[in-house]
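This document opens with one chain alone, in structure tokens, the form predicted on its own.
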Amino acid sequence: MVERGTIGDMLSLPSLLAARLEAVAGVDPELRPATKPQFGHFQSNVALRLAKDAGRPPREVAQEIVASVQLDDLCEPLEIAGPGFINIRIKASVLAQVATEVLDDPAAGIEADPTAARVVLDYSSPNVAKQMHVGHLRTTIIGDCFNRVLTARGEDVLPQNHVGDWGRQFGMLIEQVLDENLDLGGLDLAGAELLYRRANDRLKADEAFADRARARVVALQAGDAETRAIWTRLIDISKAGFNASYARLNVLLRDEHIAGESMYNAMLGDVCDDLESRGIATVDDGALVVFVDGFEAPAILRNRHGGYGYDVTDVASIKYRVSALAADRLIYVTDARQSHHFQLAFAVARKAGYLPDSVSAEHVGYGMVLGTDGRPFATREGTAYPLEDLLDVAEQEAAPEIALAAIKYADLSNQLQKDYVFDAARMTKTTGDTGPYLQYAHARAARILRNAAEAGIEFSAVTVLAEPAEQTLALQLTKLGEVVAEVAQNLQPHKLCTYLYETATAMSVFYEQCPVLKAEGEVRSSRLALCAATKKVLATGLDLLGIEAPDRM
């Protein structure tokens, strides 16, 4: 029996094996799953690599490694195969023990990051007076996954919803409200977007209205009471609409996470003055700019007309998040096409000393959502597809919690930078690599456990793992913590999706090859415990993706 502390409360067995082999070999053993059960659970070609560099026979090097490494407490005697491959088979008793630890607490394997820090996570960022559209889907889903994963790792995560609540558009919006004598008390977000369209059409056609809209922007900036009251009401209407979408998406964003563009408005002049006084920013063709090595064009802090743009707003937000929010890590989740903008903003902030080397800054860019025709998902009129309508399309194929699982999994299971096709019929299938398939695997395990409970059959631990399918599933359950740690570090949620799909697949093979309720005695009890542990791992992993784990489907 391996002492609990030796494995370390669900430390991934592959990591433990790799660490011990590396200590002997001096290099990463690059463990790979064995291709066939007769080869054990893992294989390593480390001896072949070392032998090539040393000019020695690979089997001789493999024999030295096998003789030196201490794995007796975890593994059966290591085998050398072929030209020098090392085959590793974990003891069934060890697999049973760690699977039981999963049963006791599946989250125990998600180890707290020893360098746990304050993470400021910027995502979603819809615009006031506009409904959320398909362009907000990925940032919201991806950001929510990061929020859940980093929090599970013990990070102090502070979401920041950089809502578009400031700018010239509010001049036309407020002026249109006043011209129409519009009662905002009965207006919802869809109505606010129609208001926006009417105001925008009028702005293009009526120069007198455009002049009054520009003057209204000045009044807004000056704090005019009537103007500010209408502006505040438009924000409140928008927040109600955003929150309805967030609730439907099952994401963690709340009002207290809103830190809109308006929040930084008062800081922009000070940032410009500071950078200009220190010679970091210079006037070029009437504009205040910062030139940064490695970038062809400068960051424009203030244009020649005196207006502030996105560059200075994001530099100011970085300064605030580092100094006032004590951020150790900044993560921005936006469209991949904004990568250059954020890299330039990070570079300016570092040059200014606002972003010290001790604070990391990462832009996580994502691709577009495409229709089945391969084109960006849009309405028949060519405008951005409303998010609520997108959810409605998916719910025509499946129940809301299944439709949402399909959407989230389809989004997160792809490499973020790639575009993906929104195909509701394919995404909602309960077979193949889909979110509903994972939900179905969880529901299947729940059904087995319900049937056992109804029959009065009890279980407490995984004890017997004689079949390869049992061992494969038990080993798979031990990897959750390692996968979550990788996602937290590298911000690639498709790794977690792949792990959960492999777990569900291993569960399916186990179910087909190892009868559970029809087994007897200790074998039946052990298999029920393995089902229960699998159910818990799937539920934990799905929750990190923001997906519900139903007990019935």
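Numbering starts at 1 and follows the sequence shown. These figures come from a predicted structure and were not determined experimentally.
Below, we turn to the form predicted together with arginine (ARG), even though it does not appear here.
**Q** Residues in which of 230 to 238, 329 to 337, 454 to 462, 142 to 150 have heavy atoms within 4.5 Å of arginine (ARG) in the model of the complex?
**A** Heavy-atom contact with the partner occurs in 329 to 337.
**Q** Give a yes or no for Tyr196: in the model of the complex, does one of its heavy atoms lie within 4.5 Å of a heavy atom belonging to arginine (ARG)?
**A** Looking in the model of the complex, residue contacts with arginine (ARG) do not include Tyr196, since no heavy atom lies within 4.5 Å.
**Q** Would Glu470 count as a contact of arginine (ARG) in the model of the complex, using a 4.5 angstroms cut-off between non-hydrogen atoms?
**A** So Glu470 does not count as contacting arginine (ARG).
**Q** Even though the partner isn't displayed, in the model of the complex is Phe291 close enough to arginine (ARG), meaning a heavy atom within 4.5 Å?
**A** No.
**Q** With heavy atoms only and a cut-off of 4.5 Å, decide whether Gln176 touches arginine (ARG) in the model of the complex.
**A** Flag for Gln176 set to no.
**Q** Within 4.5 Å of arginine (ARG) in the model of the complex, heavy atoms considered, which of Arg444, Lys319, His162, Arg89?
**A** Among Arg444, Lys319, His162, Arg89, a heavy atom within 4.5 Å of arginine (ARG) in the model of the complex occurs only for His162.
**Q** Tell me, out of His257, Arg212, Lys479, His136, which residue has a non-hydrogen atom within 4.5 angstroms of arginine (ARG) in the model of the complex.
**A** If I apply the 4.5 Å criterion carefully, the residue I get is His136.
**Q** For the stretch 519 to 551, I need every residue with any heavy atom inside 4.5 Å of arginine (ARG) in the model of the complex, listed N to C.
**A** Going through 519 to 551 in order - heavy atoms within 4.5 Å of arginine (ARG) in the model of the complex - there are no hits.
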